[in-house]
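The chain below stands alone and is given as C-alpha cells, in the form predicted on its own.
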C-alpha cells in the first residue's frame, strides 16, 4: 500500500512527524527521495507536490493521500473520499479586495476580474452565489495582482491575515476553510491495511491534549475521588496486589484533558488520593 505525502513546504514536516508518532517509521529518512519504505513491509510512502497528491490517489499511483482539503477540492477528483481530519495546516481561502477600493461584497464583482491559484474552487464559489466574474489563474504573487491592475480582487490562502494586511487587502468573504486530511481511493477503502493506517493516525490525534493520571486512593474515599475525575468513560479501578488486606487502598487510573490536570490533581488530593503520577499519552485507540 502506498501513501502519498507532501515532499516539501509547511505540510511536509508535520506529516512525517505524524507518521512517525503513529508507528510508521520511515527507513533511511525522508530527505531528497521520491519514496521511502516504512517499518511495515506493506506500506510505502511516496513524496509528491501537495497539489498533485489528489491525482496520485485518484489515478492509482497511491492508495492513500495526506494533503490539504483545499488541494482535494481544487483537483475535482470524484473517486476519493475523506477518511480523517488530521487537524493541522489550518488555513482559509478568502475573497479579498483592496482596502481603499469599491469592492465591499461578492455582488460587487459581477463583470469584474478575480485572480487566483485556485480557479476551480473559485469557480464553484461564485457559481453558488450566482455572480459571474472573469476568473484569471495565476501561479504566484496573487496578492499583487489588484495593485498592478490585473484583477479587481483575489481568492487566496491566508492563515493569519498578515500578508493581506501588508498588501492593503481586506477580506470580503470566506471561500473555503481547510486543514490537512487523510483521504483514500474509493475502491480500496475496505482493505484491512487502509483501516489499520487510519486507526494508527487517529490514535495519535486522539491522544493529543490528553494526560494519563495514576493514583492510590483509600477505598473508603473512592467515591469522593471518582466524582472529581473528568475521565473518558470514568476511571479504571484496580486492587493493589501487595496490600496486606487487599481492601484498604486501590489504584485509580484515568485519562483527562491536559487543561484539566492542574485542577484535577488539586481536587483528587483533597479527596484523599496520594502517589499521584501524570504521564503523556502517545496513542489512544477508542
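Positions refer to the first chain, counted from 1. Because the structure is predicted, anything quoted here is derived from the model rather than measured.
There is another form of the same protein, the form predicted together with a small molecule; it is not shown, and what comes next is about it.
Of the candidate stretches 119-127, 152-160, 187-195, 95-103, only 152-160 has residues with heavy atoms within 4.5 Å of the small molecule in the predicted complex.
None of the heavy atoms of residue 25 is located within 4.5 Å of the small molecule in the predicted complex. Proximity of residue 269 to the small molecule in the predicted complex: non-hydrogen atoms within 4.5 Å are absent; the residue sits far from the partner.
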